[in-house]
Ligand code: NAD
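The form predicted alone is given below as one chain in structure tokens.
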């Protein structure tokens, strides 16, 4: 495929009303990625009907066939890795090494869920009467996957992969900022042998599309990754009889204890704050430093922030790409302006970089605020950009109190030589992902993913671990008497 289209009812097609929207390279807005379908409620309804008509035949296929489709998809990804990664960098903006790694992770995800296709197991129960009592697991029917732009192939693969492995039909709604990545995902699955109609691709934006998809009685499950306001809206629209998996934002702390090496602590904090231009739900947003190493840690973080070279991610010399969109750039710049208006001190900003900002594109410099109080807006709200706030804490207990005093609870890290304190931190911190002497970002594909508070609805974890496939199946108890 080359023309940007929806995939509905087993065929590629434009939006029913002919509407479209453009996506441009965030590092070079003159570079047009393509014009994609601007779907409306009618397209969403057609997608639901199309998948509903095809899903039962897919559910009836044996597990080995479903496994083969996912494994072949992984093979195709790796065979075309370079071209796929370059497209992803053009569309989303991340540096080529990160785009390459994301596609590799996507292939690994599909292999993981391919193996799970054989593990949809039931149970047999003791029966006091005649006959046998047993349970079976069956697909929920249609799974709606709504995915973000910051990891536009790896996150969809950990939703679409298990949904297909367990025999469900899938409606896939990618972000309007990464529509080409969404189209490539569907193309690869179809080329790998997924039967026509089992998956639908609905491009575009607008509440009418999302509300139509989420509210449909034919959609059995919704898996979403994105912002808390959108997740809350989905929760309200879905109703009580639809299962939900909502992974939302983060305001992730890195606690640095007084026994830590300042250089190592700064490397961990900077990696967590500035990787992927800070556009990760697990990014380090706050650094809480205990003791008299505060100034040394700040100096080391600033040195690392200054050294980033911003530009087009296809340039091998570039170490930080742009924000994904003009709107995202404005949001981050507004948060920086809000911090300055509060009187917060900027230890590193655009004027401090070793190399200048590019003259075009949606670039924001790595920015370090220091001596940020817990009451600051920057300490409490998700920024989703290359901005980090460094704060002082008089003790471990004060650091924990500051770390937990936000609405989110996704990831947290601690830097210390004291393993006793590290274990205490794992118990004391109110976060679903805890890192010791490593950055908040980056997680294993075979471990559960999810947070607490506003970060997740907490009912169903994503990615892996015991029970991850339960979300995509429903249990039926059978009482068999002869």
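Numbering follows the first chain given and starts at 1. Everything numeric here is computed off the predicted structure, so don't read it as measured data.
Absent from the display: the form predicted together with ligand NAD. The rest refers to it.
Engineer: Looking in the predicted bound form, is ligand NAD within 4.5 angstroms of a heavy atom from every one of 4, 77 and 182?
Structural biologist: No: no residue has a heavy atom within 4.5 Å of the partner.
Engineer: Test of understanding: in the predicted bound form, would residue 233 fall inside 4.5 Å of ligand NAD by heavy atoms?
Structural biologist: Close contact exists here: in the predicted bound form, residue 233 approaches ligand NAD to within 4.5 Å, heavy atoms only.
Engineer: Does at least one non-hydrogen atom of residue 207 fall within 4.5 angstroms of ligand NAD in the predicted bound form?
Structural biologist: Contact check for residue 207: yes, within 4.5 Å of ligand NAD in the predicted bound form.
Engineer: Any of the heavy atoms of residue 249 lying within 4.5 Å of ligand NAD in the predicted bound form?
Structural biologist: Taking the distances in the predicted bound form, the answer for residue 249 is yes, it comes within 4.5 Å of ligand NAD.
Engineer: Would residue 102 show up as a contact with ligand NAD in the predicted bound form if we use heavy atoms at 4.5 Å?
Structural biologist: Contact with ligand NAD, no.
Engineer: Considering non-hydrogen atoms and a 4.5 Å limit, which listed residue (367, 225, 73, 166) is close to ligand NAD in the predicted bound form?
Structural biologist: After the contact test, the surviving option is 225.
Engineer: Ok, 109, 391, 89, 175: which has a heavy atom sitting within 4.5 Å of ligand NAD in the predicted bound form?
Structural biologist: Contact with ligand NAD in the predicted bound form is made by 175 alone.
Engineer: Where, among 113 to 121, 378 to 386, 340 to 348, 391 to 399, do residues come within 4.5 Å of ligand NAD in the predicted bound form by heavy atom distance?
Structural biologist: Result for this chain: 378 to 386.
Engineer: Quick one: name the residues from 123 to 156 with any non-hydrogen atom within 4.5 angstroms of ligand NAD in the predicted bound form.
Structural biologist: Heavy-atom contacts within 4.5 Å come from 146, 147, 148, 149, 150, 155.
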